[in-house]
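This document starts with one chain, in the form predicted on its own, laid out as structure tokens.
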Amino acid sequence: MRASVICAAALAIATAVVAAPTAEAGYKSEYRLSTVLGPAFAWGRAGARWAELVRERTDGRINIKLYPGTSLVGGDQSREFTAVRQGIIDLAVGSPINWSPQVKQLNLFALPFLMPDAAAIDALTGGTVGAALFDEIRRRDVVPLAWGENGFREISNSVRPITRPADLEGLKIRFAVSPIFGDTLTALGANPTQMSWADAQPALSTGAVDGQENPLAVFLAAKLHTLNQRYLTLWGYVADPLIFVVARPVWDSWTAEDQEIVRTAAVTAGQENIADVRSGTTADDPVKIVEIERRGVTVTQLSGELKEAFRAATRSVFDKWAAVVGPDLVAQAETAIAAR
């Protein structure tokens, strides 16, 4: 009797040893997570936080390593989304700006002066517009899980304060990927120059370009005041949300339980990221603005009347790109913003 009990126990242990890795047989020892910016920036911190939460909640079954600087695609931001589809990248926290060449509807967020405030961003990402954009991403074998935020993009330069469209005349302004940014800057009389973030920093330092447009958190973390950016205008002409995604084959390789853990971890990391980015940027909480001024930067905040001049000057760009994004989606977005 005792021998049979011992044998049964041994069999149970052996079965457990075999069964344990079977559930994870298709799992990788490491999953590669791509971001444009590293943990010194809110964007990179969002990616690191997501990886941390997933590792903790899966007891290490899913081990995610952060690869900042879009290093998995040689620093070329425009290739990130394609690399997710090709399996070069397993997960990403990416910007619609960089992914819009592959998903034209994501140009919605770059329509000049569409979103007047943070509530407008939330109205889009948290409603039917956000759901429609996620559907477009899913159609490309990429699984979107949550929204984050890089922030409203403000413009800076080394030459003069910008208070009206004419002040942009002739300025060389760096922009990232989507040609809508080039069209917007051209409409304002600037000389737009497309380049990656890695190339932009030395170009600003040497004066090869005069200015750039980025959120306040990026301005501070990148210490752009040391790169000749002496004038900053808060015009909020576009907002830059972030999207947490997983490559479809990777997603399908996980159990339903682990999929839910990864999704909820993305939602948590996204919510924390949004709070991180928005803090210190409002009239009630101007900490980031005050810090930028303390570094010797002249900060100009546009009134509604002054902002309207920029909106009027870029209306043709809005109309042109609304046709690219899709008139129905743009109309849906405008309705959601008006009802916010």
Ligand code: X2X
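We number the residues from 1 along the sequence you see. Values in this document were obtained by computation on a predicted structure and should not be read as measured data.
Keep in mind that the form predicted in complex with this ligand is not shown, yet the notes after this line are about it.
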With the cut-off set at 4.5 Å between non-hydrogen atoms, does Leu224 touch this ligand in the predicted bound form? no
Indicate whether Thr184 is a 4.5 Å heavy atom neighbour of this ligand in the predicted bound form. no
Even though the partner isn't displayed, in the predicted bound form is Gln229 close enough to this ligand, meaning a heavy atom within 4.5 Å? no
Counting only non-hydrogen atoms and a 4.5 angstroms cut-off, does Gln77 reach this ligand in the predicted bound form? yes
Which of Phe113, Trp197, Trp251, Phe134 has a heavy atom within 4.5 Å of this ligand in the predicted bound form? Trp197
Assert contact residue (this ligand, in the predicted bound form, non-hydrogen atom within 4.5 Å, options Asn98, Asn107, Thr125, Thr233) equals Asn98
Given 84-92, 171-179, 155-163, 114-122, the stretch touching this ligand in the predicted bound form at heavy atoms within 4.5 Å is 171-179
For the three residues Trp43, Asn214 and Asp240, which mark the spot I'm curious about, does each lie within 4.5 Å of this ligand in the predicted bound form through at least one heavy atom? yes
